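Two versions of one and the same chain are coming, encoded as structure tokens; call them structure 1 and structure 2.
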Structure 1
């Protein structure tokens, strides 16, 4: 009896996946739970474990892309290789599902995948699958890399640093002067976007083109919030990191979403889908991309718990170890550019959500209070809304509750 292994859905937004590396060979005996194949999605790469036992026949070689649900391998439960005996995998003759330059597609179909590390080597070196693949592709010996991940595990960022350290210095050259007949812009260098960047570009364009955005702005007096954060610093006996001001924004928005369920919903096919859980996505910049891990059930977490989860997820994004489940299920998103000195900005709504909150810097500015000009720590917020879901008054009340929660941080307990 032969069963199929299909391209799995590894995230709620996944449409197709790339076979990065088979961790088993054609004709191998596999058991339930064995690490089978490394797959790259639109958000991250992860190792897929087999849910079948038997003899493996690989149908799709490394480097090719397949949509969700399409067979990528079979497993024969009678102990015999489905094709009679183990044979090398030949690339498919049809064109791969992804688009791209013809030359790149030809390379993807003909280049053999790099050999996977042995189990003994993986145990000895302790390296993530993504970092191991990058090291093999770049010819870097992971034995000479110091890992910064949990328990000294080597992650992608460690391999990137090793490559940067080994790269020769770029010589300084004079600025070229355009010669007669050259384009006014000079030489043009084409930089291909990776899969994540392409997906972000496509989805941002789709969001702006299909979602009717409107924006509301508000200025928040964060003076009390700053004082509360200082009080957290003076309580070393408590467990967990000191909450940041952004952690307070996450909690303030999560509590406000309880009372404004339309802001925690999505427009789909002429109806609203209201979500019972409040899962806050936090935008994290990493490797020329914007990744949004999700803090689940943020309205039920204390501030220190939000701080702990936020730091854990951000670190996993930066080291390349974040997994699709950690990027899935978001119902509302917060993006913060305050650390870059940005006072205010407007954001693009994340697909499948009703709104996104853009957070600016907290700065010492003048504020008129009770007829007097006084110094205050002020922060600007911009709420982008889907006009099919939220109307002006609804959105204004939601934003006002976020501001009230932040101006009296005792409400965030």
Structure 2
């Protein structure tokens, strides 16, 4: 009895996965729950555990990519290695083996595994022959090129575009000639991007190029929010970690999103998709990558719960343990650079969302209140919006509600 293991769907946006490492060897006896294979998706890499027991036959070697649902291994229960087993192992949907040629079938089964696929095959990049030749001869990595042909196929024009984008601007004045053997920029070290970084690069460029961004700024008086946080510090430890100011921003935004469903939506194929759940992504920097774990149903969580969840997720990102489910389903994103002393900045909208909130530092500044200059803890917010979804006034009302929630933090706690 032989069962197939197929490429699992590890995140909702996953279309294919790369076999990074087999953690068991071909022919090993595996048990349910054994760590079987490490798979890299568009968002993260994760270990997939076997839900079958038996003898493992690896169908797809490490380094290769398969779409979800494609067989990557088989597990046979009778203990015999399937390669040495004459029993048919084809999935039920395939043609039954020809009974007249048992020898041929057996030979086929015991044939040596196919030679390792070439790099081109392993990557499975859709590219026209002409574009492939152009990329190869110009030294462009097609993996980094967005294809404009059918099903994202890379055509010559895409490579040309990538080349002209990469080409240095034509100098208008004579430039000093570098000494022989020394390029003008000094030695160049080429750093290959890993799959996650490539995905980030592609999605950022895609979002900024295709989503019409506009930005609204507002300054929030965080004086009372800071006081609330101090009050949490005084409270007993048992209730969990002390919420950070960013956790308050998460809660403030989550509550405001309830009243502004368009900010919790996505533009897709000429229509809006409004989401019923409010799942807030928090951008976390880690290992040269930008990972956005998601606090699901943030509008239903107590501030302490948000704090607990955000600490947990940030930690898992830092240790690389975060799993695709923890990264998926975001409907709105918050990014905070305040801890670096950044006063204010504009962010790039996360694909499939309508807006992103960029949070600056909370600092002591002078505020004019009732005609008098008073000290206050101020924070700048910048809301980047997809103009196909949100218009100026809607977005302004949404941002104003976030601000009001933070300035009257009693509602948040």
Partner chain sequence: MADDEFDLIVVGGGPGGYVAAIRAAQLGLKTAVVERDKVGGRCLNYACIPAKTMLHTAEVLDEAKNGAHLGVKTEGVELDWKALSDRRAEVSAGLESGIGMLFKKNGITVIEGEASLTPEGDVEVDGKTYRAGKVILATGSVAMPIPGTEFSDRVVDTWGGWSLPEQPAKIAVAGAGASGAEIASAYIRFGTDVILVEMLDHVLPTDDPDVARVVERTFKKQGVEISTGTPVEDVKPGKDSVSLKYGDSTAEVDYLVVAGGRRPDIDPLGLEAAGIELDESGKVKVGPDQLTSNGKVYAVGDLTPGPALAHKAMEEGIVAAEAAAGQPVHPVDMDLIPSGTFCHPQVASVGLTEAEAKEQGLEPKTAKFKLGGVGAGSVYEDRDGIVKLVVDPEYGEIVGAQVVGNRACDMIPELVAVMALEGGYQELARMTHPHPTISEAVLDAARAVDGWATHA
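Positions refer to the first chain, counted from 1. In this text, the rigid core denotes the largest set of C-alpha atoms whose superposition between the two forms falls within 1.5 Å. Not measured: the values here are computed from a predicted model.
In this comparison the chain labelled structure 1 is the form predicted alone, and the other chain is not. In a rigid-core overlay of the protein, residue 50 has its C-alpha displaced by at least 2 Å between structures 1 and 2. The Cα shift for residue 157 between structures 1 and 2, taken after rigid core superposition, is 2 angstroms or larger. Core-superposed comparison between structures 1 and 2: CA of residue 29 displaced by 2 Å or more. Once the core of the two forms is superposed, the Cα of residue 6 has moved 3.5 Å between structures 1 and 2.
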